[in-house]
Ligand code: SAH
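Just the one chain here, laid out as structure tokens, in the form predicted on its own.
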Amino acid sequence: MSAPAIVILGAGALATARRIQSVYAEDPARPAGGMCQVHALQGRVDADVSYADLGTHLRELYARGTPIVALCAAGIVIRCLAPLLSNKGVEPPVLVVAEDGSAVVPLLGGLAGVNVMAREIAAALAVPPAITTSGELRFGTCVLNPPEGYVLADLGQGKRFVSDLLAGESTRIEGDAPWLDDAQLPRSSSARLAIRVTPRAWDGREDELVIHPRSVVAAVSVASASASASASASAAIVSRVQGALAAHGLSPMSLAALLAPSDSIAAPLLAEAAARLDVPLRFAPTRPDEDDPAPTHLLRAALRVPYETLSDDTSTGIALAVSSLAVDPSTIGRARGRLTVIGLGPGRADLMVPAARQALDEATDILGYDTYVKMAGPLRADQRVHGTDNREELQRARHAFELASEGRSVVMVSSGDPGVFAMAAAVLEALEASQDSAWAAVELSIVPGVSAALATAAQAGAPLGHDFCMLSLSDNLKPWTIIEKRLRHAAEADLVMAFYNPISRARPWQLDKALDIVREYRAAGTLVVLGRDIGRPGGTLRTLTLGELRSSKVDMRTMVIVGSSTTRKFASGIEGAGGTEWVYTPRWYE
């Protein structure tokens, strides 16, 4: 289960929310717990994540499958989520907690562990949970909610089965179900009803509750993996796997992972096949003996638990391994390494794009300049953090590829947008210069972010509304003569200019020199926007003219936007009640 979002409306609920957050942050058995965040209504209380509208926010969390712990009245949550309620089998856990922690009420997600969450939270708050589920109250567990690694064969049949138990029938258990050892189930070795834990396909018998352990691993031969990277080739692998499962009477729901040769680690058709089968993709080295079919060799090289091999027809290029218990995919071979380069945006959690937050949540390793890595939190205790000095960009990029080539999920952190004077270029430079095939096999992606220029412009209005350019005034990586040349061309072209790295202790003179060049082409009344720490606590925005601007008003954390000849400003608001000053550059040009 992913970490819940703890949603509050006001400051009165914050203390209780933090107590609930600690339940997940301090539980080493729950690796996603460290990402549990408190979501608060914008402007009312400072928390981990802010939102503008409760109903919209709750519906977005629910639609993403995020467990919700709402510290407010139950009726509010019910009315907000009612339009989305349709399929009980896919709803995430939703529960409400009184602001003072005096009541814990599970609302939705009985099949997703909401009652387990309710008991955990209630224990931390020292109150009894208000559990109303009949089966849970009678048997002490939700029979229809098996633990991770196990899946119910048919929800409809499961409901009928529990209904029969509640009506007074007894049951027997066939197979390994240790999570039911302490359940108060009415048991009898001669019972008509049976709970069967098996990878075998359910035959439709109504007197059985079938639970499938994800205990089957399908290995794909080298020949199959080397097929052309097309939709038909991917479909062929899926068909072979499904055919092999059917031939041995195994349920597709019992499939735990797809295993492939490591020399095909970057083959798109394998990733597509695993996605179609809805299982993780893992890899093992290929050094088969002459008398050893490749698929069975992969199984022997990758599996660390006892298993039975099913490979009657090696012409299909598929071998199956079946274990008696659920198999953890992370223990099979290794995954394809992944390196994701992200931008945090300007520093506010709600201005970070969801894909960046997801990458951080899934990462095993996080690299970046120390200051930016701290901004990326909260992080899990089991995540490795590799903070470095801001000048070690290429060394940092090489380190990221080394970690990812070991099969780890790595995130490289930048502020703003990673492709704007940030780490994306350094990562690509390191990759281009490398001759290491393991680096080339890493799954590399770059996630955009809200750059400092865009964040400052948005708060000011729309000064970048027409043609503009971004210039870094740092000469650490390019000569000052190039900077001067580009400044002149941009100023002469009447482009709006956004200055990154405008000034520092090592180069205090460069901003004044840059402004002198701009003043040769721009009037003294040209509007200038200064945004310092926009999106972070204490951020300030100021509008002045080019004639008024002095370098003493700027530091390294300031974004300087110099307008064009058409950039203008105006005040908007009700007379006598204050107003807002907006700066914008019209989209037309005279």
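All of these numbers come straight from a predicted model, not from anything done at the bench. Residues carry their position along the shown sequence, with the first being 1.
Although it is not shown, the form predicted in complex with S-adenosyl-L-homocysteine is what the next lines describe.
Picking from 493-501, 189-197, 71-79, 363-371 the stretch near S-adenosyl-L-homocysteine in the predicted complex, with a 4.5 Å limit on heavy atoms, gives 493-501. Among heavy atoms of E136, none comes within 4.5 Å of S-adenosyl-L-homocysteine in the predicted complex. S-adenosyl-L-homocysteine is not drawn, but in the predicted complex it has no heavy atom within 4.5 Å of S254.
With a 4.5 Å cutoff on heavy atoms, D533 counts as touching S-adenosyl-L-homocysteine in the predicted complex. None of the heavy atoms of A274 is located within 4.5 Å of S-adenosyl-L-homocysteine in the predicted complex. Site annotation in the predicted complex: the residue of L250, A452, L320, A302 reaching within 4.5 Å of S-adenosyl-L-homocysteine with a heavy atom is A452. Think of it this way: in the predicted complex, S-adenosyl-L-homocysteine has a heavy atom of just one of P93, G416, P146, P129 within 4.5 Å, and the residue is G416. The partner is not shown here, but in the predicted complex the stretch 548-563 reaches within 4.5 angstroms of S-adenosyl-L-homocysteine through a heavy atom at M556, R557, T558, M559.
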